[in-house]
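The form predicted on its own is given below as one chain in structure tokens.
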């Protein structure tokens, strides 16, 4: 999503999400958001009377919606959708970014969650809602691929949790190793679930459908 071509309010929400994913909530200043968004002076008070907290909460909600929409895009780009293929695409979004532009930024929802761990209940609730918004289409996609409905939600949580943890490790190590590892290791388990049978250790070394080789 480009900053240009949007109204000042939407640009500021987008810019806040981009700065939060790079610097965290505490280090993201309101003036920085205005400058990044190329918004008129005084527009923050006009569009966000609740101040920084309102802007942060809306940026977190935007990030959740963005991640949810990406699920549909990943599926559309897959000739033969599979659980492992979907997860590989989710991971590849980050490996592509890190290999192209470096490891400066992470997930804005995760960043906001860390910064509000000891306060700001509204932001914590916004982060929880954003993760739920992201998880729902992942679980729905898994169900449509044959994963039992009762397990799809749990696997969606597993996929997002593994991805978020791998993003954190990748930034710490300045290497995509953790990201490629979770895609490789979880792929067979996810595909086994879509076939309605337990995952066996022997499948760990087998190629997962839809994953890059």
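Residue numbers count along the first chain shown, from 1. The model shown is predicted, which means the values in this text are computed figures rather than measured ones.
The discussion below concerns the form predicted in complex with the DNA, not included here.
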Within 4.5 Å of the DNA in the predicted bound form - does that hold for a heavy atom of every one of 137, 140 and 150?
no
Heavy atom to heavy atom, is residue 45 within 4.5 Å of the DNA in the predicted bound form?
yes
4.5 Å heavy atom contact, residue 146 and the DNA in the predicted bound form:
no
Might residue 31 be said to contact the DNA in the predicted bound form, defining contact as any heavy atom within 4.5 Å?
yes
Is residue 165 one of the residues lying within 4.5 Å of the DNA in the predicted bound form, judged by heavy atom distances?
no
Pick from 64-72, 153-161, 179-187, 36-44: which stretch has non-hydrogen atoms within 4.5 Å of the DNA in the predicted bound form?
36-44
Looking in the predicted bound form, the residues of 47-68 with a heavy atom no more than 4.5 Å from the DNA, listed in order, are 47, 51, 52
